[in-house]
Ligand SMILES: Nc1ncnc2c1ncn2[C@@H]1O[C@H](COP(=O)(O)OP(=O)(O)O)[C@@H](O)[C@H]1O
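Below you'll find only one chain, the form predicted on its own, shown as structure tokens.
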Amino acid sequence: MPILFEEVKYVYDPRTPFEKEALNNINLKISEGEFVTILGKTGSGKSTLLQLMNGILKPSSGTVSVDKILTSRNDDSIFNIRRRVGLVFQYPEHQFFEENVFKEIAFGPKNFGVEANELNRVVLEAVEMVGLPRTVLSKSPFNLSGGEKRKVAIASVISCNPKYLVFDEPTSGLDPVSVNLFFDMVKRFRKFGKTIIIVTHSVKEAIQNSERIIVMTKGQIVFDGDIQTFIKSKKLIEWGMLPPPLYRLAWKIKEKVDDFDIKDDRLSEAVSLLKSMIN
């Protein structure tokens, strides 16, 4: 079952001098098991889209549903949605409030009704999935390194066992090694059947890691397709994004050599080669 947007519009501060339309006429379906990257410059509506998926925001018009449950319902179903859709914010470590890592990770599942005798197992599994040692459990989350804090924040979402993992700019502020470690971790999540949705500014990260790319600009979806189709598009600069250097070089060569072309049956091989070159 999918996350489904149908004719969705969202307006901040409606009927005030600060009214701003963030999304307009969004139709989108994300199915279980997909790895989707949402690209777009600041103000394109990406973060608003994510918060609608989780039920933090409700559409001004249209409908958003998660596994056929409407996010606009005013009953206990919103808890089912938030358990299904785990949202990790851009700087999740800023939201810590518990005295130690164990309590921080246990907070979500405890509030979703996990029994006390199960909490220890749930927390240990989450710590293992994000690659943290058990020794951190007794430490204050505020005293950890930046990378460890990010992992604790992700573990606190993983511990609720969501079907859909949604990340808002998860690699912001991370060095290249930490970025690679993050995506290695995401690949482990996929082995457990998680659907991955990532918002990022990085075209390179999208091409290297995801299977489906969505591009947003001015509150609308202007592209939704696979990596091969995305690579062949010449509208990245128009959408406010800078393609990776190798792709810009390939386009320049194509402009200079009329017969330079990649046949469709060789495109997948070419994409794999470009990825390895970028790595």
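Superpose the two forms; the largest set of C-alphas matching within 1.5 Å is the rigid core. On a predicted model such as this, the values are computed, not experimentally measured, just so you know. We number the residues from 1 along the sequence you see.
Beyond the structure shown, there is the form predicted in complex with this ligand, which is absent from this document and is the topic of what follows.
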query = Within 4.5 Å of this ligand in the predicted complex, do we find a heavy atom from each of 85, 95 and 164?
reply = no
ask   = Can you pick the one in 33, 43, 240, 225 that has a heavy atom within 4.5 Å of this ligand in the predicted complex?
value = 43
remark   = Checking 120, 180, 90, 80 against this ligand in the predicted complex, the residue with a non-hydrogen atom inside 4.5 angstroms turns out to be 90
inquiry  = Within 4.5 angstroms, counting heavy atoms, which one of the listed stretches 206-214, 65-73, 44-52, 226-234 is next to this ligand in the predicted complex?
reply    = 44-52
inquiry  = If we define contact as a non-hydrogen atom of the residue within 4.5 angstroms of the partner, is residue 9 a contact of this ligand in the predicted complex?
reply    = no
ask   = Using a 4.5 Å cut-off on heavy atoms, what residues in 3-27 are near this ligand in the predicted complex?
value = 12, 13, 20, 22
query = residue 77: with the rigid core matched between this form and the one not shown, does its Cα shift 2 Å or more?
reply = no
